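Read the single chain below, which is given as structure tokens and is the form predicted alone.
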């Protein structure tokens, strides 16, 4: 019998499994994918997530992969241009955007090295329950062979369309409409910093990653999804870059795509109930928001640490104590992630407001204020942190 079974081995599942193993628990981690493999992602890790990787002893592996540090950020909207670097967290001022084939492999390796038993190409088809209805294990197929495993806790880390969440009938506690659709592609040898460009009904970003590639992302209103995906999608993508970030568009001239254009309109915004008797959810399984602020990976790392901290010492003991710990996890998760959720929904409206532009015009006049603003972008500080006496005087 395992102490925990983690379903999903990417940015939420692998750290959760690894941290549980470090805490002395026997952990099984399964994923239906074959690793290493890619997945739809902005794959930007903001400074809070970078600090987590450093705490786990994995940051040097990201650096050694050749992924460049993102230690200069550029943000342009209307007549405002902000350039600088966040103040950071725990000494980490740079972000990173490793390819998911790189990042997920590093996280899985970290989990296995901690003692986690890992099975890829392994799908969960049902949950085991005891006579009281408590989840006590999983049923599935491992490389085509049926299996059953038991555990004190089953953790769903299997993404926005979580099988574990569906099997547990985990209800939405907050559910907001989709606001954007996103299309992105990788380009060879396009010089870039971490670059963000905003215009009415448009958002464009550039993010350097592994192998001298640059990820260029475009965001459209959700109302344009059917139009963009059914017409000349590549033309719409390039036109969005040209009109929103003309200097970036100029750098793309004469360059070639490293891979095909990808896109999605399934940018859901929700919190789910994160726990029940014998089960819990981490990462996108329990909370998902529009990728426009690229908070998903850092949020997944936070949830992994939060869940493990709450349940440590309670696996295999009194089920009531475990249930109380899981309730505390949900409360901490919601309190920590709700401000970022609200900020993301505001950004995903793809609207400009004169009051906000006036604030940004003041911010761009002062290096300290710009550093605070990039802390806010990274999710280190709430927007209220910007309202220091220096800004109020400028306004």
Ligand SMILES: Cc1cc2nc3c(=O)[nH]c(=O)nc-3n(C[C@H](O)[C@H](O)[C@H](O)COP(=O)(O)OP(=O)(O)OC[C@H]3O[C@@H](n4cnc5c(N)ncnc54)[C@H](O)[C@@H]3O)c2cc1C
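Positions refer to the first chain, counted from 1. Since this is a predicted model, take the numbers as computed values, not measurements.
Absent from the display: the form predicted in complex with this ligand. The rest refers to it.
- This ligand in the predicted complex is approached by residue 294, whose closest heavy atom lies within 4.5 angstroms of it.
- Using a 4.5 angstroms threshold between heavy atoms, residue 364 stays clear of this ligand in the predicted complex.
- Among residues of the shown chain, residue 5 is not one whose heavy atoms approach this ligand to within 4.5 Å in the predicted complex.
- At the 4.5 Å threshold, heavy atoms of residue 33 reach this ligand in the predicted complex.
- In the predicted complex, every residue of the candidate spot (40, 157 and 283) has a heavy atom lying within 4.5 Å of this ligand.
- Look at 40-48, 328-336, 341-349, 365-373: in the predicted complex, residues with non-hydrogen atoms within 4.5 angstroms of this ligand sit in 40-48.
- Scanning 233, 243, 264, 72 against this ligand in the predicted complex with a 4.5 Å heavy atom cut-off leaves one residue, 264.
- Note on contacts: among 222, 123, 202, 269, the single residue with a heavy atom within 4.5 Å of this ligand in the predicted complex is 123.
- Annotation for 12-30: interface residues with this ligand in the predicted complex are 12, 13, 30 [heavy atom within 4.5 Å].
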